[in-house]
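In structure tokens, the next block holds one chain alone, the form predicted on its own.
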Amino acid sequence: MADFVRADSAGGGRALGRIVVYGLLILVALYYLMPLFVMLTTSIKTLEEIRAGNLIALPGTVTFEAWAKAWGSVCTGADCSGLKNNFWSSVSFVLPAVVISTLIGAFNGYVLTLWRFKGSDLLFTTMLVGCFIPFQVVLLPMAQTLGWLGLANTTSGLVFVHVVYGLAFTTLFFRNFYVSVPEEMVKAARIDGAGFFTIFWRIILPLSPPIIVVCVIWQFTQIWNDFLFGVVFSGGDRQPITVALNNLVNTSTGVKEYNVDMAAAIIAALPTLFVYIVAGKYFVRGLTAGSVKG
């Protein structure tokens, strides 16, 4: 009987602890989701309701006019400014920059782990330093380089900038992942007559989806959300969406349209949110996949 009472008491204690943990998690989730809730509800309210209503109140009248104006589908007089052109401008350089930097990072990691050479550790350490260089340090040398190459204020120039700056990170990710690949596998492939590139394409890359997902999420987020490189190395319709969002929010032509600003901010954040929803569960898994060798 005493054992039953103790077991029942222990079970009740675990249940109470679980309730407390879940309660705290719900409170933390609500705390972090509240700004998103305010942004979303504000974006579908009218200006009159925003001025007169409570900040966290649900909209009395739902309207998507602010979303249409933020996107650029609705013109106010001669003003047809929106994020549409800049959104597709961001897509046009983010996707190739992510693909190129990920492929080169995979190649670098492959060479630095499975085809080691004299000075490879020094080269890796030198590249690793690039992870800690602030954006501001490279602005002038990068601008001069883009001028020499004839890529200033071009989409190709932005692709080049983000590929160069992202290589340190992608190389680090792939190198740490490939450390866990058995060297015997590569040696066996060499004995069978496989060459340098055959081993890379036929053996190493098929093992790499977890770390590829990590690099894609990392690079996509960093490049899409970048503001400094976009505002310095681009102009006009080629500016990324982050620069256009800043211009839209900080440009006042009379009445401040908070609903349009909120809709524009959500539009700018949707691609990264989508990437994390689709592939976020693989991010931590990919980061830890190469942490243990063997």
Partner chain sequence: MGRPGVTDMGSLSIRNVVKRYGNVTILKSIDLEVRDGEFVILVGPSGCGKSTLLNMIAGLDTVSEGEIAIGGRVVNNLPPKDRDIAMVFQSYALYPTMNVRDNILFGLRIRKSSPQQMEEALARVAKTLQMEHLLDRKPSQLSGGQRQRVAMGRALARDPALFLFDEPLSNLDAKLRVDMRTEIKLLHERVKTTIVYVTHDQIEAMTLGDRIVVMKEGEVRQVGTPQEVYDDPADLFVAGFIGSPSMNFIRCTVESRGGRLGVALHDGGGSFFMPAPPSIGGLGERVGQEVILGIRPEQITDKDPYAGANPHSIEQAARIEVVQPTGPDTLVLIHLNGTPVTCRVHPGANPKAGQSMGLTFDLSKLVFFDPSTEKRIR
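Numbering follows the first chain given and starts at 1. Not measured: the values here are computed from a predicted model.
Only in words, not in the display: the form predicted in complex with the partner chain, which the text now covers.
Heavy atoms within 4.5 Å of the partner chain in the predicted complex: does Pro182 have any? Answer yes; at least one heavy atom of Pro182 falls within 4.5 Å of the partner chain in the predicted complex.
Pro206: heavy atom within 4.5 Å of the partner chain in the predicted complex? Pro206: contacts the partner chain in the predicted complex.
Do Ala188 and the partner chain share at least one heavy atom pair within 4.5 Å in the predicted complex? Answer yes; at least one heavy atom of Ala188 falls within 4.5 Å of the partner chain in the predicted complex.
Would Val216 count as a contact of the partner chain in the predicted complex, using a 4.5 angstroms cut-off between non-hydrogen atoms? The answer is no: Val216 has no heavy atom within 4.5 Å of the partner chain.
Work out which of the listed stretches, 189-197, 151-159, 172-180, 87-95, brings a heavy atom within 4.5 angstroms of the partner chain in the predicted complex. Contact-bearing stretch, as computed: 189-197.
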